[in-house]
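Have a look below at one chain only, the form predicted on its own, in structure tokens format.
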């Protein structure tokens, strides 16, 4: 069982008061299944998979618990993308009994509750179903819920726009992978800084090029000294 750390992430200045507290965060990756991924049209599959990979790596690095689940993985929706459990080996998989809405599954909800964490970070395929339904249900029972939109996907741009509107109406907070990374990162003055920097190259590949150019310039300066 995970428990909340006693140390607050809110600074004396008030910084962090409106941000996610990593010690209270739980990541739910819902139905990132091979069959469903082929129906996604609002984001490229390569971008979607890279963003999910980043979240898995971030969770492992910062020791944030992860729960995964899939609806009918033996059917046409397909198995979960393997990157999640490869990069977040601590992730807990909860099988369902055919429920479309993960929150309809008692085992899934029980595992969520067992973590004693109240801030849920969700991503999945489809956004309008696999993320939307459990997000609204979790919000209704008092959880603080974030939906990572670019680690999720839908069959059309229209579905994405409708999903965003319904999230906001239902009190679910939309976010993105780079915002999530930065929000949980908070400061470069931490021992994981070098590893966190590598994750920025996943969510913003051009940043990786900037970092490589900077490292080479620093090397050249040292060699010339």
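Predicted model, so just to flag it, every value in this text is computed and none were measured. Numbering follows the first chain given and starts at 1.
The protein also exists as the form predicted in complex with a further copy of the same chain; that form is not presented, and the subsequent description refers to it.
Within this chain, residue 87 is remote from the site of a further copy of the same chain in the predicted bound form, having no heavy atom within 4.5 Å. With a 4.5 Å cutoff on heavy atoms, residue 142 does not count as touching a further copy of the same chain in the predicted bound form; it lies far away. Although the partner is absent here, residue 168 is a contact residue: one of its heavy atoms lies within 4.5 angstroms of a further copy of the same chain in the predicted bound form. Residue contact with a further copy of the same chain in the predicted bound form: residue 203 places a heavy atom within 4.5 Å of it.
For the stretch 102-128, the set of residues having any non-hydrogen atom within 4.5 angstroms of a further copy of the same chain in the predicted bound form comprises 103, 104, 105, 106, 109, 113, 126, 128, in sequence order.
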